[in-house]
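The form predicted alone is given below as one chain in structure tokens.
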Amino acid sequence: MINTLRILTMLAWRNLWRNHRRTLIMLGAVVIGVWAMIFMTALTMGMVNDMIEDSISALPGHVQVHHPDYLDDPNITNLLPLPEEAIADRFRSAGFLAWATRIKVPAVLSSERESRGVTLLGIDPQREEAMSFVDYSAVEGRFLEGPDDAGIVIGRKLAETLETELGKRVVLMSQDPDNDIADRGFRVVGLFSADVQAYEEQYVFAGKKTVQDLLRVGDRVTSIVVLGDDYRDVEPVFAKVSALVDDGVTVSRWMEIDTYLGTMLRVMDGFVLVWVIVIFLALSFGLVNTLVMAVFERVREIGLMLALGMKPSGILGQIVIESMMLLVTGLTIGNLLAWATIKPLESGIDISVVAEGMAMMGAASVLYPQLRFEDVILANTVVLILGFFASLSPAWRASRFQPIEAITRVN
């Protein structure tokens, strides 16, 4: 059996290179197709990965705990029932990568010239540094120094919109649990930048204790946010958080909070498979044509081998092996070419010329291609499986030749 396979492999390799030009053209098509599959997949998954990670850093965290009504109505009245100290006692030794409590409510920020609706985040800056989309060290001025910091940090874009600047005073207004207006003057102590420019206009940061005093909520918070190891696998974190809290609260995964991103992740994972299949279907016409022409040129030779005792299964195997050799060679070169073109780009591709359009999608102005091992394996597996089935038709045709008719056939 092994000896027969070795002979068929040797014959297939020699037959593959009988017509160098045709084989090289088909090989080039396979290489370009494989490169396109992997390269475009890397670009797409890089964009999706950046969008999700940026959004998770603005949520933040992979799992959140809220009052049951909070996600539908993010009002200060929908506070968590547990006081902050009781939450800390439960979560302090749970072993999470990072976790924090916060207050997140709608507010209005006013300068002496303009007003804008914003999302107010009352945070403990030390606890949220590992989760935040803000690079503390890159903030102009300074970031918050603690939960009782009296300053406010806003985005550069929001500062431009409000026509204010570092060191200026602004007025923050929101509602307390009694639906009364709670307002206070803050000095702008920092201006942050974000990969997604929309975040610079949407979010403002203040100390959590300062916001609690402003809104008169004592030591209560609206959210517990927990960061896990992998945004694609949040179930272990979800189960652990669910075990730590009472039944009167809602524990949510990030894809349940931001359904748009959750749906996008599922769609893009499916897109990879569809993209690979579409590209190969285009290649399959050339592959089948190459094999049919190769069989047509060797009709007499195939008839002679059948007359000398080779079984039809041997002819079928020889043609299939020929196809697999062509595909494996093309896959190898295509994979190496994809790796060589993607690796230098992993430091980022500047697409700031379309930054506004990318921001509307929630994407940054720098694209980081992501070459995932599982995507490469998927592309190679699909090509080999579909290539095998595509080669069966000409191979089956060749194995059905009658020896005498094939030998005496006039091409």
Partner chain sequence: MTAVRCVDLCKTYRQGDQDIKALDHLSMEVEEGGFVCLSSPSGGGKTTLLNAIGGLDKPDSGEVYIAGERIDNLSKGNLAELRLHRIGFVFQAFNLIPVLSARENVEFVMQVQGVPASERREKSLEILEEVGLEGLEDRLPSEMSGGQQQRVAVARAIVSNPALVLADEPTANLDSKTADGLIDLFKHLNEHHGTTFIIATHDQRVMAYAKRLVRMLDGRIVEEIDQNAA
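Numbering follows the first chain given and starts at 1. Being a predicted model, the structure only gives us computed values, none of them experimental. The term rigid core refers to the most C-alpha atoms you can superpose between the two forms while keeping them within 1.5 Å.
Missing here is the form predicted in complex with the partner chain; even so, the following discussion is about that form.
Visitor: Can you pick the one in M305, V320, V139, I257 that has a heavy atom within 4.5 Å of the partner chain in the predicted bound form?
Guide: Contact residue from the list: M305.
Visitor: Which one, G95, G248, G167, G309, lies within 4.5 Å of the partner chain in the predicted bound form by heavy atoms?
Guide: Filtering the options by heavy-atom distance leaves G309.
Visitor: Is the partner chain in the predicted bound form near all of N15, R18 and I404, within 4.5 Å of a heavy atom of each?
Guide: All three within 4.5 Å in the predicted bound form.
Visitor: I'd like to know if L11 sits close to the partner chain in the predicted bound form, meaning any non-hydrogen atom pair within 4.5 angstroms.
Guide: L11 belongs to the contact set for the partner chain.
Visitor: Could you confirm whether R232 comes within 4.5 Å of the partner chain in the predicted bound form, counting heavy atoms only?
Guide: No, R232 stays farther than 4.5 Å from the partner chain in the predicted bound form.
Visitor: K240 near the partner chain in the predicted bound form, any heavy atom under 4.5 Å?
Guide: No, K240 stays farther than 4.5 Å from the partner chain in the predicted bound form.
Visitor: Is E301 close enough to the partner chain in the predicted bound form to count, meaning some heavy atom within 4.5 Å?
Guide: Within the cut-off, so yes.
Visitor: Which is the contacting stretch out of 335-343, 214-222, 309-317, 78-86, given heavy atoms within 4.5 Å of the partner chain in the predicted bound form?
Guide: It is the stretch 309-317.
Visitor: Once the core is aligned, please say if the CA of G218 is shifted by at least 2 angstroms between the shown form and the other one.
Guide: No; G218 is a residue whose C-alpha shifts by less than 2 Å between the shown form and the other one when the cores are overlaid.
Visitor: Taking the rigid core as reference, does G314 move its C-alpha 2 Å or further between the shown form and the other one?
Guide: Yes: G314 shifts by at least 2 Å between the shown form and the other one.
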